[in-house]
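Next up: just one chain, as structure tokens, the form predicted alone.
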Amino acid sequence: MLRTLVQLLGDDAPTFRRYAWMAVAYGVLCGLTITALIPVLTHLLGGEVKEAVPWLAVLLIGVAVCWSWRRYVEQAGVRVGVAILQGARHRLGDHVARLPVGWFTPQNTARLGHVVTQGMMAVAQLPAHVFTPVIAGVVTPAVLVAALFALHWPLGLIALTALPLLAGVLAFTARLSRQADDAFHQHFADASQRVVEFAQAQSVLRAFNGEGGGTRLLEQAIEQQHQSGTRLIWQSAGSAVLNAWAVQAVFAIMLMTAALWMNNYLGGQMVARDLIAIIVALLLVGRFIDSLLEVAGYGEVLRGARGQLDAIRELFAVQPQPEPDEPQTPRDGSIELRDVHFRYTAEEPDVLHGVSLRIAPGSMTALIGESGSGKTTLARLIARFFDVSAGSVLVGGVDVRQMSSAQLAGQISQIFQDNYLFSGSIADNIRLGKPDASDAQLRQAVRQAGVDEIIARLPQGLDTTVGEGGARLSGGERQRIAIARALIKNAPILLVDEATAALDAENQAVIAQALTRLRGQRTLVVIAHQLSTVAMADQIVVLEGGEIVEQGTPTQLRESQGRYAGFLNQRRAAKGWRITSAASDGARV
């Protein structure tokens, strides 16, 4: 836990170490101040008022020092919290920025967002509000153990033995509650997703709603959240009770020990000094137990903090892609895959099996195949979303692992099926591809991507705001702007993944024209199912089960009557479908 916090703080770790030592010193001061009660009470109960005065002064000075020192400790804790909010987020951001692009799945992105917002805020509050009383609650009893040994060694032995036993109980209850907490957060995320889904899919739900089917999934998610929340409440309450019982059990044992101590003198003559020692020991036992109860009271808070820090630790545990010591410069826009094998995790089977492929600079290659055949994975390996499990991927004759991230990014532009537009103007979104692009370059990219037709009907033209995620534009308009953003970058390689999927015929034609203009100027790798797009390629690569089963020009594959020819026949048959009973149906209306 503390190791993760130190890793998160990085260069600010000395600030935390200084705070931690101050908190330990505060706990020692509190313990020593409490032990000052021993001579004070001993002298007062023995009628030695004059001898008690110096010790009383020591006690009062200790209380004043503890009070003022607590303020300094809390201020130091606040400085640690500020360091977490100011520097740790940037430190985590620098680490995440070096992770493979393929790591950024919706699940990982949501987890990262939670850590950066709520997680960081919760961790930042720990030093000032949690660690100080917990550290003092652990150190102070340790000092009192020595005092109890001096008064009556059996009490000291019980107190010393109780500390690791109570630590074990706290760890056990924390583990139980953490499991329930993880389940609750998972069901909470599921319920939140269902709420958003319910709001966004009202048209579909109302069209197909039958017998409450529109809210069934939402109600199930909320019920699961309710059940997991109830389970978390019961387990958290049970953990708190168990922690308190453990501390009270120690208290009961120590009371019985004190009673046995006193019983030794019953029936005999008890001197005043022995009675005073028992009274003082009971007082120290009470302070010992109070400190442990305070630590037990923070058990659930510490458990929650442990969960947040574990999430941060898991993010830091993800290994970034290694950067070469001496990056090599690619010579052209060629692409080559040499016996490439790839699997997403060590437990999963290979997605690609020994793929070898050569793509000449300036050529257009179309990747086709059924869903799950490995097309998108192959394109992402070219852009180094991941590193291959075996084999190598070369761009411009250089292994992508021997190129810096900046070099590889400068070689490749990408267009995806789902492109994100940032809140701002159309021009701002296009210039993301090349922030220093001139107005002439901007206009050229706008013209090549067919965006000029869009801005011609907008009053503000390129200065029109697109809204969050491009919400003010249609899907085809967002796709054209994304293409313009890729074109203005002017990278020698362009990867296109289903750019025309789910678009109308007009937008498909515009995007196909843009790709046609780029032939010979860029190395194009296109994943598409449109016949017109596939047919214009210089070579077609057919993937099946993670392997290349056919490769050649459109003419060669069409004449070979293989899988590509079967693909053509299926598409032509689909385009030839007609509804022949429309007239007769209309006559019966």
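None of the values given here were measured: they were computed from a predicted structure. The first residue of the sequence shown is number 1, and the count goes up from there.
This protein has a second form, the form predicted in complex with a small molecule, left out of what is shown; the following refers to that one.
Which among 343 to 351, 308 to 316, 116 to 124, 233 to 241 is in contact with the small molecule in the predicted bound form, heavy atoms within 4.5 angstroms? In short, 343 to 351.
Proximity of T132 to the small molecule in the predicted bound form, heavy atoms at 4.5 Å: It does not: once the small molecule is placed as it appears in the predicted bound form, T132 has no heavy atom within 4.5 Å of it.
When the contact criterion is heavy atoms within 4.5 Å, does S438 count as touching the small molecule in the predicted bound form? So S438 does not count as contacting the small molecule.
Residue contact check: R431 to the small molecule in the predicted bound form, 4.5 Å heavy atom: Taking the distances in the predicted bound form, the answer for R431 is no, it never comes within 4.5 Å of the small molecule.
Although the small molecule is absent from this view, report whether E370 comes within 4.5 Å of it in the predicted bound form, heavy atoms only. Close contact exists here: in the predicted bound form, E370 approaches the small molecule to within 4.5 Å, heavy atoms only.
Can you pick the one in Q411, Q224, T257, T376 that has a heavy atom within 4.5 Å of the small molecule in the predicted bound form? Of Q411, Q224, T257, T376, the residue with a heavy atom within 4.5 Å of the small molecule in the predicted bound form is T376.
The unique member of H187, R194, R380, R303 whose heavy atoms fall within 4.5 Å of the small molecule in the predicted bound form: Exactly one listed residue reaches within 4.5 Å, namely R380.
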